[in-house]
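Let's start with one chain on its own, the form predicted alone, as structure tokens.
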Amino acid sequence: MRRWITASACLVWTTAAAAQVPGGPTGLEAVDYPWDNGTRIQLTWSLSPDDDTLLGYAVRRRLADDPQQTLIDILPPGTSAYTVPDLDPELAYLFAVTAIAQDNTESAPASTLAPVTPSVQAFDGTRLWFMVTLVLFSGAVVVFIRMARTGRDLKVRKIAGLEAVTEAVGRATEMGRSCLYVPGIQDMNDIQTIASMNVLSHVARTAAEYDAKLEVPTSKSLVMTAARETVETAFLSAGRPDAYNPDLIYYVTDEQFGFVAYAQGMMVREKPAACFYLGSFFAESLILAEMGNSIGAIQVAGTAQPAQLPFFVAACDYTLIGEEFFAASAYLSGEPDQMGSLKGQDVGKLIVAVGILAGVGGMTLAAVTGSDLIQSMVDYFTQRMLT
């Protein structure tokens, strides 16, 4: 009697275990993904007969000459297609898909019979939206440049810091005191130093017109040379070449705090009425700005270093924040190509802002309403348009 019960129990257990194995997917096919860069394979298969009770589908791959399989992804029930990413176009792959029951039991795999190798296409369709964005951005720049060249007046927001240059230099002239210009502490290979030379040209021209003394200490010898050329050209264009004094544009030291110590001491001794700090700054920004504030100078600062901006904003009268600093050249020159480029970049920023608002709004609506349609639109936007 005991043997019969044991045999029956084993039979019942075996039958229950067999019932837990889900039916597997069938008809797995793998083809090269069309119009891509040779890193994708498209898989399709028929759903398991037990799809409504599954936990999902496991997709695996292996090299044609390697029996070791790698799990790629686990997909939700109802999925019958998948694009395998990050493949090597020089290797051949085999794939397998299994159905996973709620207790993690897997079915027999549906496997590909022949190896598949992804191939590089002449046109990568996955980058289509990138091309559209590039055309919009570049097209806006070209259109505005053409408009500027035809004499159209392109409205550009005023930059208060640059508008204040005339006031600051004029005040220094009235008080019989000098103007101090510090072009940062980086060399000429830094984009902020290059932008600083454009602003220096404007300040120097204004100083020449007002017959004001302009002093430019530098921490790099190459910056000194570039600054001398810039100031000399500005004085020449203002019709005052005789007023140019190269000795007022000089090299101090490459050492960061040695340079700022000199600048600080010079400010205490000469008390310049206008101080300009435009370029790449680090810890010395607070020292310079606080010293200039203590001597009562009008101060105009500009940098693209985010960590230093709070010090300039707190201690200076006017601050060019990041992009304003780089836009100074176009703003000051009024040259059509530069003005058109500046306006074209504004259009690009507008497109980016609209995209951010659309993405955030779509994700919020999808979370609040639970709409599958809105969620699919958001997924397409984030996974296809933005990649």
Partner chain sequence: MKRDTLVWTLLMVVGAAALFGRAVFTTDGMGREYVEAVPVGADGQQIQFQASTYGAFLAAQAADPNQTDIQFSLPRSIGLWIAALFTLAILSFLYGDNPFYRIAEAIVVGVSAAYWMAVGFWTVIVPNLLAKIAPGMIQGWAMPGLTGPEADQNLWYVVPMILGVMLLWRLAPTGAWISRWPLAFIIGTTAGLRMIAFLHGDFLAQIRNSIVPLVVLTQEGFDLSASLTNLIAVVGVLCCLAYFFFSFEHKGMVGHAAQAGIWILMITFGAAFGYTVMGRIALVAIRLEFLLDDWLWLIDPIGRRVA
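Residue numbers count along the first chain shown, from 1. If you're wondering where the values come from, they're calculated on a predicted model, not measured in any experiment. The term rigid core refers to the most C-alpha atoms you can superpose between the two forms while keeping them within 1.5 Å.
A second form of this protein, the form predicted together with the partner chain, is not displayed here; the remarks below concern that form.
**Q** Sort through 122 to 130, 167 to 175, 204 to 212, 108 to 116 and report the only stretch with a non-hydrogen atom within 4.5 Å of the partner chain in the predicted bound form.
**A** It is 122 to 130 that comes within 4.5 Å of the partner.
**Q** Of the residues Ala92, Ala81, Ala243, Val313, which one places a heavy atom within 4.5 Å of the partner chain in the predicted bound form?
**A** None of the others qualify; the residue that does is Val313.
**Q** Considering only heavy atoms, tell me if Thr225 and the partner chain come within 4.5 Å of each other in the predicted bound form.
**A** Contact with the partner chain, yes.
**Q** So, Asp346 and the partner chain: in the predicted bound form, are they within 4.5 Å at any heavy atom pair?
**A** Output for Asp346 is yes: heavy atoms within 4.5 Å of the partner chain.
**Q** Can you tell me if Asn189 lies within 4.5 angstroms of the partner chain in the predicted bound form, counting non-hydrogen atoms only?
**A** Taking the distances in the predicted bound form, the answer for Asn189 is yes, it comes within 4.5 Å of the partner chain.
**Q** Quick one: is Ala64 in contact with the partner chain in the predicted bound form, heavy atoms, 4.5 Å cut-off?
**A** No - in the predicted bound form, heavy atoms of Ala64 and the partner chain never come within 4.5 Å of each other.
**Q** Since the partner is left out here, which residues of 289 to 326 would have a heavy atom within 4.5 Å of the partner chain in the predicted bound form?
**A** If the 4.5 Å heavy-atom criterion is applied to the partner chain in the predicted bound form, 289 to 326 yields Met291, Leu309, Pro310, Phe311, Val313, Ala314, Ile321, Glu323, Glu324.
**Q** Taking the rigid core as reference, does Gly258 move its C-alpha 2 Å or further between this form and the one not shown?
**A** Comparing forms between this form and the one not shown, the Gly258 CA shifts below 2 Å.
**Q** Once the two forms are fit on the core, has Gly322 moved its CA by at least 2 Å between this form and the one not shown?
**A** No, the C-alpha moves less than 2 Å.
**Q** Once everything's superposed on the core, is Phe311 shifted 2 Å or more at the Cα between this form and the one not shown?
**A** Comparing the forms between this form and the one not shown, which are aligned on their rigid core, Phe311 does not shift its C-alpha by 2 Å or more.
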